[in-house]
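Same chain, two versions here, written out as structure tokens and called structure 1 and structure 2.
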Structure 1
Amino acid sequence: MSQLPHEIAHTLTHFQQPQLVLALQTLPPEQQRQLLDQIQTVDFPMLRGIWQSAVSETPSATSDTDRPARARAPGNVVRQPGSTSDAEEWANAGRVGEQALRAGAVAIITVAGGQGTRLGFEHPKGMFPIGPVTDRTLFQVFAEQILARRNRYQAAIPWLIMTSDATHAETVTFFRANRFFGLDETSVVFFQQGNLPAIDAATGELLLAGPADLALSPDGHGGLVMALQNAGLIARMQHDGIQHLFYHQVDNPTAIIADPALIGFHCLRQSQLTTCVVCKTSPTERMGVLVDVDGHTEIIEYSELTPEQAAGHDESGQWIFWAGNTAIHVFDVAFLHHLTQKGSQLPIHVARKNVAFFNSAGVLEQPSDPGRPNAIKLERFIFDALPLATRTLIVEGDRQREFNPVKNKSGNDSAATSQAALNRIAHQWLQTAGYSIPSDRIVEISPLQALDHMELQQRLTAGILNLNEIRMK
């Protein structure tokens, strides 16, 4: 055991962390250093304030229970094209987006910190096999889209992949084993999101997951902002002339990566943060929705709405809560840099959970009473950036084409529904190109064969691609 640094001892005593003091005093030197390294990254004043707010009877400053009543259907929206002039507007946006891609002004970020636990898959979710014929993984589907975009626009489009402690090592190993799916290794950057400690709900003490380890959990997709900053990637993008960051999550294989039209609308409207939405299938669908609240674009989670509110219409008869969040965004890099500044950072949200912990006797306790969770867990949400932006834009995507996520083991938003969507899209593209494929055939088109139905038709007509090269079973 080595002497506890005076400054650390003072901080822990001041913020009432006696268990950490005891642990540090009794640990052997190597473990003491291990725990000290974790403690030195903790913002104790912030955590103390969060705990005090959480246990007080007064709602926290971020609590706003009447938001649904003040919400209005989003006003600044580009809807799916319904007329010739709409189609022309979308085509123009696509051209503007293509210019940004050719100029090297766009990077892509994939949020890949989650594991496939809900899918019964004991690996990073990006390694999940989703190809309906080939079992291509989610990572490979995205890699092939990015490679195809690079080839089309003859541009370096960097790919940033945000992992977590749970997924980082295995993800990097997987990419190396697959030779980065044909991408230049230097153009793919892995970086880890941060962690936040779990707090004892009764005392405000930080919980220990082991004798020399804080109980930590990923800080949510909102941790992206500071993770980019801490990895030096915001400065790197600014140096390299990257102005826009296309953001998507790892579970949606039909997302149109670096969608030129979405990027184009973002540029044309000079938006700081643009979000792709889809129309909800019903008021009770479990999706967060984009709305306007007091003049700002925000997301209201489905759990915040009563069934009556979710089905609500405004004075003009418009359904208020229609715009479902797809977790596809375009950020201005300058806006992300702004969010790293003190006072502009994303808020931290509190969730009460049961968390296993080592008590002062060194015994692992595993609380299980759902009615009295023992801990407070913390995370940030990326959509909290919306009300912090001066200029935002909402663009409606084609739900059938763009939003078919893999979230559940069965039922809606499962591997089965996502694979069915990939098969359906492939059939539609071939039919548009003039090829009729029996409906019982399962078809899969690689992004390297075609990024869209127009490219597929052109390549088949020109003889660049042969129908026999398309995978079917």
Structure 2
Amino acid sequence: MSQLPHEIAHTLTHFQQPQLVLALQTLPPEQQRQLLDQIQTVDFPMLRGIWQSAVSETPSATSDTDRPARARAPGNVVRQPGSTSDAEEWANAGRVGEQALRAGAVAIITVAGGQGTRLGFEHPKGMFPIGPVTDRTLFQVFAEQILARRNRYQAAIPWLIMTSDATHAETVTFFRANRFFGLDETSVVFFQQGNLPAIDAATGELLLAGPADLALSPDGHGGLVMALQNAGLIARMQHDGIQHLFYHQVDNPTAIIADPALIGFHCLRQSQLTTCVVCKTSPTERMGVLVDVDGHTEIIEYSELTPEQAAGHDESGQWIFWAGNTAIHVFDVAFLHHLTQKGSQLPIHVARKNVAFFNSAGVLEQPSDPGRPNAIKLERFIFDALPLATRTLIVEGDRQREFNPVKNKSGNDSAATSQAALNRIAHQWLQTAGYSIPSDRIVEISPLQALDHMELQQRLTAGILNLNEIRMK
């Protein structure tokens, strides 16, 4: 045991963390250093403030309960094409997006650091087999889309993948074992998000996960901004002439990766942050919605709305809370740089959860009472960047085609609904190409065979692709 640095001892005492003082005083030097390294990354004043407002239930900076009443349907919106002139506008946006892709001005970020607790899969979610016929994983679906886009536009289109402590090593090993699914290894960049500590809800003390370890969890998809900065990736993108970062989550295999139309609208409107939304199926659907509040674009979570509010219409009769968030965005890289320059971290959100902890008797305890969670867990959300942008754009996507995430073990947004969507889309593409496949057959089209129905039709007609090469069962 070595002497505790005076400054650290003072901070820990001041912010009422006696368990950390005791742990540090009793640990052998190597473990003391390990715990000290973790403690030195903690912003104690901020955490104290968050804990105090959480337990006193006074409104914090992130809980403005009056927002739903001030919300308006989003203003700057491109809806799905409903007329010939709309279709022309979409086709033009597609051409502009393709130019940006060809010019090497676009990179892709997949956020793949979550814990996937609802799905209950024991590996990183990207390794989940989602192909309705084959065992093609989520990562492979994205890799093949990216390879196909690179081939189509003869452009580099770098792929960034954000992992967490829990998913990093296994994700990298998986890509290596699969030879990067045919992508050039140097064109795929893995980087890790940060962590935030869990707080004892009763005392405000940071929980320990072991004798020399804080109980840490990934800092949410909003950790992306600082993780990109810390890995030097914002500077690298700017140096390499990348202006637009296409963002998507690892759980939606039908996201159109680097969607030219979405990127094109983003460029044409000089947006700093563009979001793809889909129309909610009903006011009670559990989906965050994009709205305007006091002149800013924001997201309101379904849990913030009463059923009456969720069904609310404005003076013109328009449904206010229709624009469901798909978590598909395009970021202007200069805007990301601006977010880091301001040093303004995205706000922290709190959730009460049960977290295993190393108690004062040196035993790992696992609280399980769902009615009295022992801990406050902290996360940042990427959509909190929306109100920080001065120019945002909302583009309505085709829900059936683009938004079929795998969140839950069963029911809504599960592997079954997502696989059914991949099968349905494949049937539709084949039908448009003039092939009618019996409805009881299950079909899977690789993105390397076609990225869209037009490509499928062209390749089948030209004999570049044979129907028997498409996997069916």
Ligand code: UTP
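None of these values were measured; they are calculated from a predicted model. So that the term is clear: the rigid core is the largest set of C-alpha atoms that superpose within 1.5 Å between two forms. Residue indices: 1-based, along structure 1.
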| query | finding |
| --- | --- |
| Selected structure - the one that is the form predicted on its own | 1 |
| CA of N354, rigid core aligned, shift of 2 Å or more between the two structures | yes |
| C-alpha of P45 off by 2 Å or more between the two structures on rigid core | yes |
| Rigid core fit then H296 CA moved by 2 Å or more between the two structures | no |
| Rigid-core-fitted C-alpha displacement of D369 between the two structures (angstrom) | 4.5 |
